[in-house]
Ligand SMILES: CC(C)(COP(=O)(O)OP(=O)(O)OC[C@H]1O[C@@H](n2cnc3c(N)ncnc32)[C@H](O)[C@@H]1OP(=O)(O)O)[C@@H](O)C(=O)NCCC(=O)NCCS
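This document starts with one chain, in the form predicted on its own, laid out as structure tokens.
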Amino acid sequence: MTHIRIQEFRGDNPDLIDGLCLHPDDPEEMLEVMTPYMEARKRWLRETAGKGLRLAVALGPEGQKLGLMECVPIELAAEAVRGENSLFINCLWVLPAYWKKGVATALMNHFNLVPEGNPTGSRLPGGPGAGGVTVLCYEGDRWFGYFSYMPARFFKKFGFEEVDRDGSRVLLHLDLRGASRPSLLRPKTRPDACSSLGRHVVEVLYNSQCPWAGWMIHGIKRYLGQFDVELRFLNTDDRAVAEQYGMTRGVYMDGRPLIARLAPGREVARIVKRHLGDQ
């Protein structure tokens, strides 16, 4: 696509992401459920704007919104990673109608991440304080059953190299000035997770960075109502919670990790049912 224009979030214009994280053409039920979580995302953006957040939106020739890219210092990453002296790509998202039209590359270029002839020609967004760029990607994992989110193969084209892995979750890093090697937190078994009523406990972890967490929570409440389980919802905006569990978005059951990403309620119910049957 030609004539892509980039507009940056300034801290006082969170409505810039309207129509991207939550699209007006989505089903009415989805809009109703996710709108409060969209407002939580906007609050998170405003709060993070003064801490090194950079967010850019790609606009088409008629001003239509195409996609966005969001970066933060790795210490503020929305994912369960450790590192320092590095920028972290929280999200690179393009609306499906504009996939494979150069939108993601235009956003990478805006952040000065497109190699100029080779990967070592890349420059780091965010100034001289960071020495690399890190991103958590996925291989062969379709979020909510139908779309590929943050595919590793895309970032590898720009010189990012694998530095850690946990199943389908792949941590990639572009070392520009000798940044320390980042790593993934691993989901931790929590033997103390139990219910006072002797029921199975399902813990759902989410944060304010993505309103799709709201759709996951809604689906889990709907589809797990058929099981005799206790549901607990934990917001990992508190970094201590992420450190305690070893993930920021996912599902635990009886202290054991089941899913380390956002997932639809039906998928969670299917996995919970299988685990209940095994016991």
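Note that residue numbering begins at 1 and tracks the sequence as displayed. All values derive from a computational prediction rather than experimental measurement.
Same protein, other form: the form predicted in complex with the named molecule, not shown, and the subject of what follows.
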message = My question is simply whether T105 lines the interface with the named molecule in the model of the complex - judged by any non-hydrogen atom within 4.5 Å.
response = yes
ask   = Any chance V81 has a heavy atom within 4.5 Å of the named molecule in the model of the complex?
value = no
request  = Although the named molecule is absent from this view, report whether P151 comes within 4.5 Å of it in the model of the complex, heavy atoms only.
outcome  = yes
Contact test in the model of the complex: R177 vs the named molecule, heavy atoms, 4.5 Å = no
note = Of L185, V72, A193, C91, the only residue with a heavy atom within 4.5 Å of the named molecule in the model of the complex is C91
note = Interface check vs the named molecule in the model of the complex: of H200, R181, K101, R165, the one with a heavy atom inside 4.5 Å is K101
ask   = When the named molecule is placed as it is in the model of the complex, which of 185 to 193, 166 to 174, 200 to 208, 152 to 160 ends up with heavy atoms within 4.5 Å of it?
value = 152 to 160
